[in-house]
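Take a look at this single chain in structure tokens; it is the form predicted on its own.
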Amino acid sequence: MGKRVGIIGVGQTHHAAKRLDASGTELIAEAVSRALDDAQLTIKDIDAIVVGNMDHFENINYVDMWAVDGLGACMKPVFKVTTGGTTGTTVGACGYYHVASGLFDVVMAVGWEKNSESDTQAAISTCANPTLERDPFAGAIGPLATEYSMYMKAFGATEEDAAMVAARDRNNALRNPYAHSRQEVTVEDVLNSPMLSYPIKFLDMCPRSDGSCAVIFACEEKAKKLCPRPAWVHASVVRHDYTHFGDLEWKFMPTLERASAAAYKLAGITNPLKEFDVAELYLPASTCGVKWMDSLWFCEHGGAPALIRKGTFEMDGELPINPSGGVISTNPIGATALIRIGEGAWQIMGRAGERQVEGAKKALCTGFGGCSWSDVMILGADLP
């Protein structure tokens, strides 16, 4: 077993559709500086850095070298990761393993994206088979719409169930000063917004954001010395498939089921709905906030709509999900899933401001991307 590791600092930018005031390198520097301030460290205290983004979106090669000035990485070991939508959680997992392995004592994980200077649709469309898949599945919206249509047919879920998730996350974002999209939204507003691809509507879907996030991991000895209340990493698990879109299992998410089951076993979780105090989940569309709840073992297959209608995942519910506003409020892709880890850590550390869940001691964080790639990280106030 490796060393025990805690998160001791988090920093993120103020996200927006277009950060015209900052280059990509400057966005990175903004998040790095805030993470160092949060941990009360200087860049000299950082032993190594892990960085990641969707580099082919901005057409920037060798991002690990290009971003050295923003990272503060001169003469430091730098490791680059790119795994699609999961890049942020994968960057976080690599930061964790860099410390758990004993190679380094203090490691900073940094994710970023400047979507205003990229073409995500052009980049994503090329991953779909040009004959069989590109027309219905190219991009993010088509596959997400397909899976929820099948879930609706199989289990009786509705468009309104998804709209309730959208309203929840978008209204939660009103308490998050870093969120890109902060607007008060009703279920009716979501249902009446323009249709993108049935049953997904405009307010069901995430934006494209400019932004960055940095999370600092430290070994047990350093974490206890440097931070009054670290967020300890209890489990970090990755599962993924390589498949054609048309061959995916549409009624549930196999990789998320396997990743969460493995993470729960490592962390000693037997009843996730009861044992987690808060969850920061990568939900690129509100429909995922219905269907994927089954695959996190919160209920049997098809049980999620009942939980949503009961208010289980609201801020005053049994398990608050996405107090930050989640992905449908903020989505700088390379940083998006790292924000889930950072926000989860802030909840454990008691630093989440107006979006703080009182007494949060156990947090679930997830990432999603690619052809069904799922990351799960579990954080706790107690040592694992």
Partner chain sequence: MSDWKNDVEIMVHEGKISVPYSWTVGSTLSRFYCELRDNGKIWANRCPKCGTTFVPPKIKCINCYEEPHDWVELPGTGTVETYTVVRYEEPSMHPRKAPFVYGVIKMDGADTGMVHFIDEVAPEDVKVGMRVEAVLEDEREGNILDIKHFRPIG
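The structure presented is a predicted model; accordingly, all values stated were derived computationally and were not measured. Residue numbers count along the first chain shown, from 1.
A second form of this protein, the form predicted in complex with its partner chain, is not displayed here; the remarks below concern that form.
Taking the partner from elsewhere, Val32 is found to have a heavy atom lying within 4.5 Å of its partner chain in the model of the complex. Using a 4.5 Å cutoff between non-hydrogen atoms, Asn271 does not count as a contact of its partner chain in the model of the complex. Ala123 belongs to the set of residues with a heavy atom inside 4.5 Å of its partner chain in the model of the complex. The closest non-hydrogen atom of Ser116 lies within 4.5 Å of its partner chain in the model of the complex.
A heavy atom within 4.5 Å of its partner chain in the model of the complex is found for one listed residue only; from Glu184, Glu221, Asp247, Asp135, this is Asp135. Between the options Leu36, Leu319, Ala352, Ala48, the residue in contact with its partner chain in the model of the complex by a heavy atom within 4.5 angstroms is Leu36. In plain terms, the part of the chain that comes close to its partner chain in the model of the complex, with a heavy atom within 4.5 Å, is 59-67 out of 59-67, 326-334, 352-360, 339-347. Applying a 4.5 Å heavy atom cutoff to its partner chain in the model of the complex picks out Asp69, Gly70, Leu71, Gly72, Cys74 from 65-88, in order along the sequence.
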